[in-house]
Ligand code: NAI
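In the form predicted alone, a lone chain appears below as structure tokens.
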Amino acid sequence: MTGRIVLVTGAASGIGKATAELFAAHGAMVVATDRDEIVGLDDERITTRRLDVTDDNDVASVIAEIGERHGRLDALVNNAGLAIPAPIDGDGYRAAWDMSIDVMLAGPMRLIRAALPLLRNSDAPRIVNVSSTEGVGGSAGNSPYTAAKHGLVGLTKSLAVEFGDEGITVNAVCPGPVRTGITAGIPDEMKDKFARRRVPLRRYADPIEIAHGIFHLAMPASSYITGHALLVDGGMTIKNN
């Protein structure tokens, strides 16, 4: 990855931060973005920028800066996300739905459309969308998040076909339970109980473990993997009992 130009969204914490650090550790030049302030990414190969993925002007500005500085983009990692629990008959459902779709489905679409000219300048262009096990399943009270993540897997597969003749690979990573800000409010004893019952590896993942899945799909050598949704879930999805 030495010298590769990588854009990571949602890099202020959790999976995005671990991903930015991992790429930089392997020699990539990383543009780490988030709508919140980014602190603690001190590697000289990492440039931090504010980016709200729901704002077309923000997206255009960050992509334009990458174009002016580097002339190309080798890997786009669409990681920005949020979780708003919302039963479908709840008062806040429509707001949760609109925000979830705007950030986690329309956001990646905006980034891909804006970044496409720069990706086409790369000799090994990669798009990695961070979905979830909720993108291949579902759970009660979480349908805005689930719908957005299912949509992101669908977008991944369709664009993999659309871009195939250009050599632009498009893949998704679907994390299972991870220790991030989204799950920080769950007490540790509840995390442990869930993991013992549902996850063959009997634990939540650390963000760096998800980052390695993203890194794998973004490597130049991963040139014959496209349209794939990689489950990084400790075996949770395959467990029947």
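In this text, residue numbers run from 1 along the sequence as written. These figures come from a predicted structure and were not determined experimentally.
Although it is not shown, the form predicted together with the ligand is what the next lines describe.
Heavy atoms within 4.5 Å of the ligand in the predicted bound form belong, among the stretches 88 to 96, 124 to 132, 69 to 77, 160 to 168, to residues of 124 to 132. Exactly one listed residue, out of 182, 62, 195, 46, brings a non-hydrogen atom to within 4.5 Å of the ligand in the predicted bound form: 182. Although the partner is absent here, residue 12 is a contact residue: one of its heavy atoms lies within 4.5 angstroms of the ligand in the predicted bound form. At the 4.5 Å threshold, heavy atoms of residue 213 stay clear of the ligand in the predicted bound form, well away from it. Contact between residue 144 and the ligand in the predicted bound form is not found at the 4.5 Å heavy atom cutoff. Within 4.5 Å of some heavy atom of the ligand in the predicted bound form lies at least one heavy atom of residue 178. In the predicted bound form, the ligand lies within 4.5 angstroms of at least one heavy atom of each of the following residues of 22 to 52: 34, 35, 36, 51, 52, in sequence order.
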